[in-house]
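In the form predicted on its own, a lone chain appears below as structure tokens.
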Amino acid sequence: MKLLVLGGTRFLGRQIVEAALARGDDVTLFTRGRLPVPWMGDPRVTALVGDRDPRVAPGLSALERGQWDAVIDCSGYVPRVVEASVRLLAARVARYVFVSSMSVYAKTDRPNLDETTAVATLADPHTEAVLEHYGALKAACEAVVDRLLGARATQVRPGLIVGPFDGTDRFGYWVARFMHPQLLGDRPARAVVPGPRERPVQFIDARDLAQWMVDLAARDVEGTFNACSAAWQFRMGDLVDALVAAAPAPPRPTWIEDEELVARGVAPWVGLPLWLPPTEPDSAGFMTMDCSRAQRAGLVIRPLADTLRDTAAWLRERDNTGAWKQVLTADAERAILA
């Protein structure tokens, strides 16, 4: 297969390229050229440089020639920008896989939401404020791809993407706290963990997501898919138990209930990643999305231990300067434990 990847040198895009090369595909990358291309010298990889925004020189000129079996768009956030790429490529690609997000849903206040759930809309259709309107903008991008490509469009809505090269440090916080606590500074011998143990958590290793999307593209599969681990497949207790089992000298988990963490001013999802307390009712279903359609389409989730091991190895080798600036501080953790 000849595959075009819009993006491809950071996190998910990097894993998409690796998955395609493992299949023996020829890959064309389109990036801004700000990061090194890990596959320089590989004859199966062509690196093009430009900008997704046609208003920013040199824009999309590098994509004016070429034909591909499929494109995977993992860098589309603004409808106007996505539309420019789709219009330019429409006659020269057979399948367009757009990486969207579970954040597209208008309400995530109940469990088991599937792909038929209503998506968010933009009050101002011209806004391009991605941080403020991320979910609604992704939904609008999906609509552009569907409108212009019809049955040749595939919409993939991942949840929390984890694994090596994840620069968000959300899942990585827990891996570091138990497997490399020294990366987080002078931490206590006990670790604050948001109870209860039965709290559902939902995520997907970027490598599983990448392999599956490349397979969808190769099989020319259409449709819209929530893409994550199965609802209730993992609980917070499962994650902590796996971390303790994988760490040579782990801290002792100390389960703290929602009320105490809220009273201490811990920021949901930020101060303690993966934690969404009842004070966030609009997010009550965010960690229990129905991903059965993706599973029926071939999505396979690797063992949790593999993701923890490989993430820990990557964290140990990378430059961690500036990481984890917003998470629970060591002093705040000690205060809660006291």
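We number the residues from 1 along the sequence you see. Just so you know, these numbers come straight off a predicted model, no measurement behind them.
We do not show the form predicted together with a small molecule, though everything after this point is about it.
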Contact stretch among 92-100, 239-247, 180-188, 114-122 - heavy atom within 4.5 Å of the small molecule in the predicted complex: 92-100
Distance check, Leu12 to the small molecule in the predicted complex, heavy atom within 4.5 Å: yes
Heavy atom of Thr31 within 4.5 Å of the small molecule in the predicted complex: yes
Exercise: Asp51 in contact with the small molecule in the predicted complex, heavy atom 4.5 Å: yes
Contact of Trp255 with the small molecule in the predicted complex (heavy atom, 4.5 Å): no
The unique member of Pro164, Pro194, Pro79, Gly159 whose heavy atoms fall within 4.5 Å of the small molecule in the predicted complex: Gly159
Selected contact from Gln202, Ser75, Thr108, Thr154, since only one has a non-hydrogen atom within 4.5 angstroms of the small molecule in the predicted complex: Ser75
